[in-house]
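Next up: just one chain, as structure tokens, the form predicted on its own.
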């Protein structure tokens, strides 16, 4: 099966694209309105059992036995394999869950596991915790959680790299996080030379970033082309800290694709932080895990914590990516609303619903 996502200003225009590329036999899997770069558009996911006739003809009968044809056919059928693999994983987890008899745990361990389940912690994480807890009724769950979700505080003392980029889906709070970090560091050391840079030329965050740079006496740069980033790297010696706001990645573009295109790949003094909210759906988190996978991705920053109902996603992403949590952001203000992550902060947030600022989240 071949599946593809189509976007257009209107549903009519999107259907025309589907008809032209997949033909009249295409099946509509989803139809919704999304916001891309601040503009609403129609997004339709369509699928067809076999490649369209025009595509088959273009391949030609002579290529059927070639290595390229075999790979292309495998990719065409990749969606089906992915669906089957998802079903297999679901069945395995269902079997494992049936074997997780919480009654063999101590009352305290059982209570903690039941609480984590209510916080929407993933079954894979719960299964791993259960296997370790059942060996010893006296074992505390906190050390196990610390091995699952590590922290690395986002401070200049902890992070020696001068360049920090902030990636993540639109609306996650990348621009706000960048401004909060700049204001915090400038307050701690007024003589610090900080540069704010944006690679999101079409986004509203560009104007916000420029505005705060001017108000706070910080340098401001725009990255529109590959040469702009090369120029910024040459200027790096003039700054103590360079914070870069990356754009949301549309369609099938991955973080690796974008960093390759703009010449960020292989930059040893650059750390990229993934900015997320706890209230994305599990399917979205899985997609983000793949979309933002990169050797340069160094940590996860959690924002809008005061708007979340559950916090299990923090454990789930730590388990899925192996990345440490570096900062926690909360509240609408830009000052004193970004805290470098500490282990005790995570567990107070998860078990007591206590934000880093001391507020209890209802």
Ligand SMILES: Nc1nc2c(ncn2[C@@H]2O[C@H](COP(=O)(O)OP(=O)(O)O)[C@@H](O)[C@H]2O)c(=O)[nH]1
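Note that the structure is predicted; figures quoted are calculated from it, not measured. Numbering follows the first chain given and starts at 1.
There is another form of the same protein, the form predicted in complex with the ligand; it is not shown, and what comes next is about it.
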### Task
Evaluate residue 171 for contact with the ligand in the predicted complex, applying a 4.5 angstroms cut-off between non-hydrogen atoms, and reply yes or no.
yes
### Task
Would you please decide whether residue 329 lies within 4.5 angstroms of the ligand in the predicted complex, comparing each non-hydrogen atom pair?
yes
### Query
Given that the partner is absent here, does residue 295 sit within 4.5 Å of the ligand in the predicted complex, heavy atoms only?
no
### Message
Please determine whether residue 273 contacts the ligand in the predicted complex, using a 4.5 Å cut-off between heavy atoms.
### Response
no
### Summary
For the ligand in the predicted complex, the stretch among 175-183, 215-223, 119-127, 141-149 with residues bearing a heavy atom within 4.5 Å is 175-183
